[in-house]
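Have a look below at one chain only, the form predicted on its own, in C-alpha cells format.
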C-alpha cells in the first residue's frame, strides 16, 4: 500500500521495529531522505507526499537492512562529524561524537597558525578534515594502512575542498621512518587507533558488528597500537609538540603510564560528554 511521509513517520513512532535504536522517527526520516533524495526540511514541508511504487520498495529494503542491525551510516552512506558531512562505507570506522573531543582540545592548544599536524589511522579523514576546516593555515597529513579507507578520505577531502590536507598510506609511522632523521616533524599528532581487545564483548553489539576489525581491534588486549603510537611519536614531535590519543574508557591509567614513560609532560585524561575517560594528551619538551 502506498504511504505518505506523515503516515510512515507516525508508524515508526507507534510501532518501532529497530532493536536498540533510541530515535526511531529520526532514522526513518533519514531513510526517507535517501529514498526521495531530499533534505529533512523538505520532509517537514511536505508531510502528505506519497511515495511512488519504486520509492516504497526501496524504502522497505533499506528499512529491512536497518532492522537487521546494519548501521544507518552505512545504509545512507554518510555521517556528520564536527561541522562536516562525511562519506562513510564498510571500509572505515563510523565517526562518533566522542571523537570530536580531540578536535575541541586540539583547537585550544597554543599552536601557531602554521602548525604541522599528523593524524594517524585517519579512516574517513574525520579528524584531519575537521582540523583542516578550522585551521586553514595548518598543514595536515592523514595516514592509514587501508587503501580503501584512503579512497574514502580523499573523496571527503575533495568534497569539502580542503587543500591543506594530504593522505598517505602508512602503518603508523612506517613511511616517515624511511625518511632522513628529522625530516618529518610535527607540532601536533592525533589518533583514534584501534583499542579493543579481540574478545571485547562490545564487538558483538550495535554498529561494531559491521565495522572493519582493522579499525577496532588491537593486540595485547587493545593496548598494542596505543603503546606504539605513544612511544614512537617522541621521534616525530618537535619541542613543545603535543600528542592526543583516543582510547577506551578503562584504559586511561595504562595510557597515562605510557605517556609518562615516553617522557611527556602535562599529561591529563579528559572525559567525554558521557563522563567516560576518552582522550589523553601530553606535551613533549626537550
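Because the structure is predicted, anything quoted here is derived from the model rather than measured. Positions refer to the first chain, counted from 1.
Note that the form predicted in complex with ligand GLN isn't included here; everything after this is about it.
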ask   = Taking heavy atoms only, is residue 193 within 4.5 angstroms of ligand GLN in the model of the complex?
value = yes
query = Are any of the heavy atoms in residue 98 no more than 4.5 Å from a heavy atom of ligand GLN in the model of the complex?
reply = yes
message = Considering non-hydrogen atoms and a 4.5 Å limit, does ligand GLN approach residue 246 in the model of the complex?
response = yes
ask   = Is residue 72 close enough to ligand GLN in the model of the complex to count, meaning some heavy atom within 4.5 Å?
value = no
query = Of these, 236-244, 47-55, 213-221, 253-261, which stretch puts a heavy atom within 4.5 angstroms of ligand GLN in the model of the complex?
reply = 213-221
message = Between 162, 84, 111, 93, only one gets a heavy atom within 4.5 angstroms of ligand GLN in the model of the complex; which residue is that?
response = 93
key: Option touching ligand GLN, based on a heavy atom within 4.5 Å in the model of the complex, out of 188, 103, 150, 208   = 208
